[in-house]
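A lone chain, given as structure tokens: the form predicted alone.
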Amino acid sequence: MALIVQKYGGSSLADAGRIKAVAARIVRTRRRGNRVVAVVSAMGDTTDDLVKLARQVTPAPGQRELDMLLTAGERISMSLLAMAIADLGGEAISYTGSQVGIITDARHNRARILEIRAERLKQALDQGKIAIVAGFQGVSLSREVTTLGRGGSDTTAVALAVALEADACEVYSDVAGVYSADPRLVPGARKLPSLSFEEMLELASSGAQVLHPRAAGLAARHRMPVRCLSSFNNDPGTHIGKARRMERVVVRGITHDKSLAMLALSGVPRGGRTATQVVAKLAEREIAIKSFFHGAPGGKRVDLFFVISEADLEPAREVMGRCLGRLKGGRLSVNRRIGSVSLVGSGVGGEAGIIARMLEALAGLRIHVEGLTSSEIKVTCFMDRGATEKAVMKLHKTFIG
């Protein structure tokens, strides 16, 4: 008897009709002889609505109380889904993250999972029940309710699949899988039948929104196969697993991100520890650096460039301003208009010809490239965010057709 963990996003549970449709899918899966754990997000835009409500009460809601509020969204979904399954003759029981032993660190609004004590969940499955688990949430070692941040339900599903040694993890949303580019932007984008763990991680981290980067990273580390599917049809979706193509180099997907910012520390002393200090201070504030590169204006001075998420801009500006205050000379400037476009595929970063074709295509559109980074399976160009969409369409035509 296979154990399947299924995750359903907010659009899949947007209203009573959608909840009934999801319940029917889960019951069918159970009647085929599978044990089922379903992880749920809040209905539709519930989480956003709760955040707006909190900010109507106070412009700066406390993180602990905000977590208490936001976890209510998934509790509503899990209870209604369990009721709908019971109405179809299934036997389901719903649990919060804390009830199934999802133990996190103490950080509110962005907690990390430390372990899963799944005994209660295993007992329910052994009794033949369908287990419905609220995603996005857990409990700290000090018994405080925590949330995992955006995309947390994806992370919950993969983490539970790993802890339970599930046979499959299925992530359902309103799209039929992972595409070669955003199909809303590129009409000719192709659904990809399969991806390696590493390719999915790079796609997710550079702008693809089908699977959250934390979930993709967790699946890659534990080699947990994931299938991305639509809850609105029976399309086979995209399978994420081990690589099969050996050394064949193929651009699999093109992603873009229009929510970046670039901070430049100009004219700082060459050979100093400025970059090290800035990176350390950003790490203390848990600000991820998307890319780092430097320029050389000459003499004993150097320019340092940091690309980060725009959401982290203000704390990053504060960190860099403090570091700059301890230096003689130098200045801080901010570019809020940064975006990125990435080519993803096994081996693409090691192929000089692919990078050359990418730059040639962008030059043909007169797009100025602010910087470029590459890894074994990704090449990313940073540019004005207003140019990202036409860059994606041109690069998709160039590399995928």
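Counting begins at 1, following the sequence as shown. Everything quoted here is computed from the prediction, not taken from an experiment.
There is also a form predicted in complex with aspartic acid; it is not shown, and the following applies to it.
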S41, T47 and G152 each touching aspartic acid in the predicted bound form (heavy atom, 4.5 Å): yes
Non-hydrogen atom contact F306 with aspartic acid in the predicted bound form at 4.5 angstroms: no
Hey, in the predicted bound form, does E74 get a heavy atom within 4.5 angstroms of aspartic acid? yes
Please pick out the stretch from 314-322, 125-133, 144-152, 102-110 that is in contact with aspartic acid in the predicted bound form, where contact means heavy atoms within 4.5 Å. 144-152
